[in-house]
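Let's start with one chain on its own, the form predicted on its own, as structure tokens.
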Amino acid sequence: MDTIRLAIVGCGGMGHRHMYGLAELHRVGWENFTLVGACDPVLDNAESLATKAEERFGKKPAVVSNLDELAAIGVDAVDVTTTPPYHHTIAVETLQRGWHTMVEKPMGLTVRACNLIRSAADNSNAVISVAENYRRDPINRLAKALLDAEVIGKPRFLIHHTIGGSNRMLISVWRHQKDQSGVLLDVGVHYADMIEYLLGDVETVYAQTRLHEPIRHNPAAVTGESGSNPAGVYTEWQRKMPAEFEATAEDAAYATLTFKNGAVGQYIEDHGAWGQGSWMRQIHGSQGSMALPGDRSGGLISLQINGQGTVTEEALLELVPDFHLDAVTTDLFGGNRLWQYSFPFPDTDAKIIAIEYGDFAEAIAGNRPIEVDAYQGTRSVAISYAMLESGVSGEIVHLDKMIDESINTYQQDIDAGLGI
């Protein structure tokens, strides 16, 4: 078939990361997309992305500032990598134009914003995909296969802890602003998607939330050296951000989750913690336990199975003889039955974003349904906000009440600011 004419909408740090992912997909021979447009109202950002794209693809995409200009050059699909407040306004319009649309996470700034995208998708023949990348990590694919094979029995409880951060800026100022996508949403949707990928639907959430560090510090503005800077692409923007600023979004959540399958989760996400940091994702079942490495690290899964002791490394594959990675992931990571990998983080980041593009292309071609659809994208946002809503009300929150918007006290001001 003809290649899909693609534009990246939003050409800041995330847009650049996506372009590198697309280049990585092309590098291994999957040339499903032709990048024809770099769209951003800040033309310097669009120009930067287009110039770097020309180095990788041999042809420079058109530099434009709005969707009408994209329509004039002709596109089939868009990749929306703007800041979250614009996700729903852009995605609704691109779906109405009939353009296949991939949206960075969080899919929308609030549950209501997500539901607007879902409604537009229901009324469009275009494909909608949420660019959720953690589940696409080959090690997380293996973890899912091991759970599905019930090698630790029926899952009973999950422990998910990510603790650290002190008072430093996480990537950018807007990630600490309630009306822009606070850190518990921006990072939390990754974890929400992973939790449901591994264990199925979350049913209820009860949480305490806190804003521990109301003043955040940006080392890049002082020393020129970046702090939190995934894939190393944000430095030029971080140097222009203030050295310190007020945070308005909560930075810690301590929650109990229940799942429809009966499992229970203990969840800590604390981005204002001092001292020793911590990472843990551990699942206990009726016959053993599974400890997972950090996402996108290539680290080892460790199983403790009754009667077998510790199982790790290549022995894991013997427990799931039918486990195979998809063709795109196999080409990107160099094998279809992986239990570990080792690449510099920017390379891993590009490879996993490339998998998102591969899935998007396959769905556009009609070869398979999109993996992370608008409903799943909405669920991840709903789980993150369920913690914040529970923190406000002090009550257990049911996910179905989040998705139908009957619980939205915390989100009211954000929705009002968005005019929805």
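Bear in mind the structure is a predicted one, so any value in this text is a computation, not a measurement. Sequential numbering from 1, following the sequence displayed.
Absent from the display: the form predicted together with a small molecule. The rest refers to it.
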With a 4.5 Å heavy atom cut-off to the small molecule in the model of the complex, the contacting stretch among 38 to 46, 390 to 398, 361 to 369, 52 to 60 is 38 to 46
Note: exactly one of 25, 402, 19, 9 sits with a heavy atom within 4.5 Å of the small molecule in the model of the complex, namely 9
Contact with the small molecule in the model of the complex, heavy atom within 4.5 Å, among 176, 136, 105, 100 goes to 105
Although the partner isn't part of this model, could you tell me whether residue 165 comes within 4.5 Å of the small molecule in the model of the complex, counting any heavy atom of the residue?
no
*Please run the contact check for residue 83 against the small molecule in the model of the complex: heavy atoms, 4.5 angstroms, yes or no?*
yes
Would you check, heavy atoms only and a 4.5 Å threshold, whether residue 196 touches the small molecule in the model of the complex? no
| task | Answer with yes or no whether residue 90 is in contact with the small molecule in the model of the complex, where contact means some heavy atom within 4.5 Å. | result | yes
